[in-house]
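What follows is a single chain, given as structure tokens, in the form predicted alone.
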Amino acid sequence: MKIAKIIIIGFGNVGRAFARTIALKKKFVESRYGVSLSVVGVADSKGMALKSDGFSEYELLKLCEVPRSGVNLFSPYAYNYVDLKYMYDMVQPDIHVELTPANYVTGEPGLTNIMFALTRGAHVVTANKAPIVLKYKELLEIAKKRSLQLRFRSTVMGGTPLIDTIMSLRSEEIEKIEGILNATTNFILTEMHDKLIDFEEALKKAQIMGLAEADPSLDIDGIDAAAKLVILSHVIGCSISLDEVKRESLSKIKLRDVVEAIKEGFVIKYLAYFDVRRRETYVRIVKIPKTDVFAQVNGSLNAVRIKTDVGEILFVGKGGGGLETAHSVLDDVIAIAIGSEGGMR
């Protein structure tokens, strides 16, 4: 049986969900695809754990129980530092899974980690949007030169096969992309409409539920949704930059705006939009009719409408979440493991 050796860089919610999913799905993947997924290294911000012959399912589940930033406590496999070169020298991974947080200013640490992985001959799967947003062409060029795969299905609507489907539209010309691309802001607006509460109260509820970060600016200022538009623009071959996406902050929305919209028969949504031909793109607050399909997409759901020269395609589903994103990452890992002989052991 082919063995695919995997390292996980970044061990927060998604990293732990991914490790847990591999542990629970390992036998299923082996029986269905004839490949053994072997996690040989895990790293967080404080340390790393390495096992050259791979962690067992039980060990992976126990690893998920260590405290945050506590991989260095996972004795006897732990190190009190992170050294990517040493990790590669010791375990020689086939697939590098990058799950570090996104930094849209520098792209770090994900950008350097991905470049290092590609130069060392490892395929890359990432849920970190920033490197794809900032340096997609450069990363893809390195990967192609080395006959490696760079996969990032989980970066946009992680719970829905959006990117895979768009990539399969080889004969259709995509003219417009629009949608609800951020779960946090959609939840906030849903709460404001359903409960008639103000923005601050809805945001606080999202934070209590774990949908919003303590610093929610990436979501409410439209950066996350804009980043997803940029990634989709790369996928369709009409790249835009993050700076090109005009953004309006959701924080300006008031309860009176919601009430007024309801009285007029409208719903307020936070929409991302990209007109490919005009290169017009934005993330902004939009008042839409109740009959519009986006008006029915509530809570933490996402939706994307793709307009092509043939017709329209609609996707509705979970935008992310630890479990959904983990499965999307795993799908990319499996695709690499069963489709590429180069470098597999």
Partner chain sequence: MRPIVVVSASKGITDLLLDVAKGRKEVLKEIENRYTSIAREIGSFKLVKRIEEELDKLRRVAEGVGIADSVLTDYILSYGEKISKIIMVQALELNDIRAFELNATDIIVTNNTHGDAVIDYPATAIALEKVYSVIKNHSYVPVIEGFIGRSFEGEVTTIGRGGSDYTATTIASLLKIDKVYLVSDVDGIMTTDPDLVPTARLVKHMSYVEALEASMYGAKGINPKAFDPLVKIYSSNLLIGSWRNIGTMISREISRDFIGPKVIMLKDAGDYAYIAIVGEGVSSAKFVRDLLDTVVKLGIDIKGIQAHVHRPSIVLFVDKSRGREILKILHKVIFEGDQP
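Positions refer to the first chain, counted from 1. A quick note: this is a predicted structure, and the numbers were derived from the prediction, not measured.
Form predicted in complex with the partner chain: not shown, discussed below.
Contact of Lys195 with the partner chain in the predicted bound form (heavy atom, 4.5 Å): Yes.
Proximity of Ala23 to the partner chain in the predicted bound form, heavy atoms at 4.5 Å: Taking the distances in the predicted bound form, the answer for Ala23 is yes, it comes within 4.5 Å of the partner chain.
Ile262 within 4.5 Å of the partner chain in the predicted bound form, heavy atoms: Contact with the partner chain, no.
Interface membership of Ile285, the partner chain in the predicted bound form, 4.5 Å heavy atom rule: Outside the cut-off, so no.
Residue among Val293, Leu61, Leu314, Val310 with a heavy atom within 4.5 Å of the partner chain in the predicted bound form: Checking each option against the partner chain in the predicted bound form, the one that comes within 4.5 Å is Leu61.
Residue among Val297, Val40, Val276, Val66 with a heavy atom within 4.5 Å of the partner chain in the predicted bound form: Selected option: Val66.
Heavy atom distance at most 4.5 Å to the partner chain in the predicted bound form, all of Lys27, Leu73 and Ile208: Judged in the predicted bound form, Lys27, Leu73 and Ile208 all sit within 4.5 Å of the partner chain.
Per-stretch contact check against the partner chain in the predicted bound form, the hit in 32 to 40, 53 to 61, 302 to 310, 276 to 284 (non-hydrogen atom, 4.5 angstroms): Only one stretch qualifies here: 53 to 61.
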